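Single chain ahead, by itself, as structure tokens, in the form predicted on its own.
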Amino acid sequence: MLQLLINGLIAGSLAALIAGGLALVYGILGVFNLALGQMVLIGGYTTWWLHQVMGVSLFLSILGGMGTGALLSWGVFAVFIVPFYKRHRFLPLVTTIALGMILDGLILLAFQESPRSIITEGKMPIRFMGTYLNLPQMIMIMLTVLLLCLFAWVMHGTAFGRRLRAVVQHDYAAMSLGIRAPVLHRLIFIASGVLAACGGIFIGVDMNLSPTLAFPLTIKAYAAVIAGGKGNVWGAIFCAYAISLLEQLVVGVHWFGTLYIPAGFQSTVALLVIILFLLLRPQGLFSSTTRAA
């Protein structure tokens, strides 16, 4: 059981990176990016290509992957979001679906279907309190926690964070106070792309990158956002960890002593979470949580 909790922590750290940025974008712009999973993979594949093919150091390769995520999200925002979301908030759903299909084809064309791993050495498991972890997993968990702590400090301890929260509450009122809301919109979307790229790097370090991962990653991120309360960043992060733990428990426990659910059904947990919350509590768990700017 403890091993399942550790596995949930590892998977939740990945999901929290992606869902946190997605929730922040929805809180400010009110739009969903359905090409999110493909952006995650592009960040990971770029890091793999720089490190394994070009021979660049791991640190610089990670920076390159994050930079690619930033550039890609900037282009997506300018071409697929800005011209449409002001006309209707649901139009980006259509444009980002089309973008996701385009990126799926490009990923397959560039990297084929073979699994790719950013790190091929140093993954020997370490026994810890009856569980097994490898060093890259430990490092990625700690870095994720540090990144979330840094995000919390920026949001709640800086003037920039106060401007962001003001834009989240009412962008037109924020602009009347001299806050450049359109610039913050772009910055937040780029930040979500960087977090998505970090998620792809996490996958490439911990497991293997595969083009088939894009859709499950997108679904899990949206499940966390819906369950946490659309636009509630910390609610989405909490639910990302909770859903990841639930996935581990569903396939890792022998229910009623004999019933064993195959691992292939793990990805259906996020779909069930979306359906149940939309039916029973569409506002999410933490929708009533507000904070003054």
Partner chain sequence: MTFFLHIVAMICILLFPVLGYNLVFGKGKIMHFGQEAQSIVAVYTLLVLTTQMHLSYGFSFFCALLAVSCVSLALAWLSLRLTPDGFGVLSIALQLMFLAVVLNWQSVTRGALGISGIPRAPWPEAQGLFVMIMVSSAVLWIACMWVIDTSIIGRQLAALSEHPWYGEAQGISRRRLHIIVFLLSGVGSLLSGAFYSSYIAFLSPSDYDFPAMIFFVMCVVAGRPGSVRGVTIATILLVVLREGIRFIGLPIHLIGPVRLILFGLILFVAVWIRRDSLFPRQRTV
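Positions refer to the first chain, counted from 1. None of the values given here were measured: they were computed from a predicted structure.
One more form of this protein should be noted, the form predicted in complex with its partner chain, which is absent from this view; the next part is about it.
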Inset, instruction - Would you please decide whether residue 55 lies within 4.5 angstroms of its partner chain in the predicted complex, comparing each non-hydrogen atom pair? - result: no
Inset, instruction - Would you check, heavy atoms only and a 4.5 Å threshold, whether residue 184 touches its partner chain in the predicted complex? - result: no
Legend entry - Non-hydrogen atom contact residue 104 with its partner chain in the predicted complex at 4.5 angstroms: yes
Legend entry - residue 166, heavy atom within 4.5 angstroms of its partner chain in the predicted complex: no
Inset, instruction - Please pick, from 115, 136, 83, 161, the one residue with any non-hydrogen atom lying within 4.5 angstroms of its partner chain in the predicted complex. - result: 83
Inset, instruction - Identify, from the list 147, 71, 108, 175, the residue with a heavy atom within 4.5 Å of its partner chain in the predicted complex. - result: 108
Legend entry - in the predicted complex, segment of 137-145, 176-184, 199-207, 86-94 with a heavy atom within 4.5 Å of its partner chain: 86-94
Legend entry - Within 4.5 Å of its partner chain in the predicted complex, all of 35, 45 and 195 (non-hydrogen atom): no
Inset, instruction - Enumerate the residues of 269-286 that have a non-hydrogen atom within 4.5 Å of its partner chain in the predicted complex, in sequence order, or give none. - result: 271, 272, 274, 275, 278, 279
